[in-house]
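Just one chain follows, in the form predicted on its own, and it is written as structure tokens.
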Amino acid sequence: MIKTIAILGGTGPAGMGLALRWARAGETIILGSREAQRAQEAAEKIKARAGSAARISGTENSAACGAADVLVLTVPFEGQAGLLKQLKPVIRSGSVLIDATVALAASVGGRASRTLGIWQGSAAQQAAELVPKGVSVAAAFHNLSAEMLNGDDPLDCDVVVCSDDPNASEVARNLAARIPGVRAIDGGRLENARMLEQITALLIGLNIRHKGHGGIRITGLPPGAYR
């Protein structure tokens, strides 16, 4: 059973979209932001769409982080390291951090359809170096369209999850499967996250070129590979 989910940097389009889908699915959500008031206002907007029974609240990132054992990071790459260093003292041992960060070149003035070279190999691997010992990291949710997440229709997309920890992978895949239209697939070790991030850059380029909101589907695997 998934416990309370803190979405850090949750007032951006991706965080809001994930929060909306999970609130509709009955999960308990805390939206985190640099400003508590902004997070509270965002939570109220989601509650108005998800229904009065939705269990969602908003607060400052540190408070959200300290109140949950499942953390979902949805910040731009340029804010990832700084936020994780700030939150390190309040991240609970045994927590699962699900990182959706993509190191897009746009973060340093380049093209959004390219990724930056990262010494660790991927943004998720960088996150794994920054969190306290005893915290497991999974990479997931990079390739979901934020615009589609913030809509009302089922998505037509697979979520590939990469992690070195089986429990973290399980948590992330269970969360992915809570989103209508999404299938979750075990993508292997965390080092494979670099490929997920590169696929994101490819999708951005395709969506710009074709004016769409494309995702990915992985076909031909045995039925048991999909959740």
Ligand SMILES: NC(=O)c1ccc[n+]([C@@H]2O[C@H](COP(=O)([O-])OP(=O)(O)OC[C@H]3O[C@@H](n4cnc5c(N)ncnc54)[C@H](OP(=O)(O)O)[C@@H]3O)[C@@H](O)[C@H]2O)c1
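All residue numbers are counted from 1 along the displayed sequence. These numbers were taken from a predicted model, which means no experiment stands behind them.
Below, we turn to the form predicted in complex with this ligand, even though it does not appear here.
125, 166 and 189: each with a heavy atom within 4.5 Å of this ligand in the predicted bound form?
-> Not a single listed residue reaches this ligand in the predicted bound form, so no.
Since the chain is shown here on its own, which stretch among 152-160, 88-96, 125-133, 138-146 would lie within 4.5 Å of this ligand in the predicted bound form, judged by heavy atoms?
-> Stretch with heavy atoms near the partner: 138-146.
Contact between residue 20 and this ligand in the predicted bound form at 4.5 Å, heavy atoms?
-> Contact with this ligand, no.
Distance check, residue 100 to this ligand in the predicted bound form, heavy atom within 4.5 Å = Heavy-atom contact with this ligand at 4.5 Å: present for residue 100.
Do residue 12 and this ligand come within 4.5 Å of each other in the predicted bound form, heavy atoms counted?
-> Yes, contact at 4.5 Å.
Close approach of residue 49 to this ligand in the predicted bound form, 4.5 Å, heavy atom = Answer no; every heavy atom of residue 49 is more than 4.5 Å from this ligand in the predicted bound form.
Are there residues in 38-52 with a heavy atom within 4.5 Å of this ligand in the predicted bound form, and which are they, in order?
-> Sequence-ordered list has one entry, 38.
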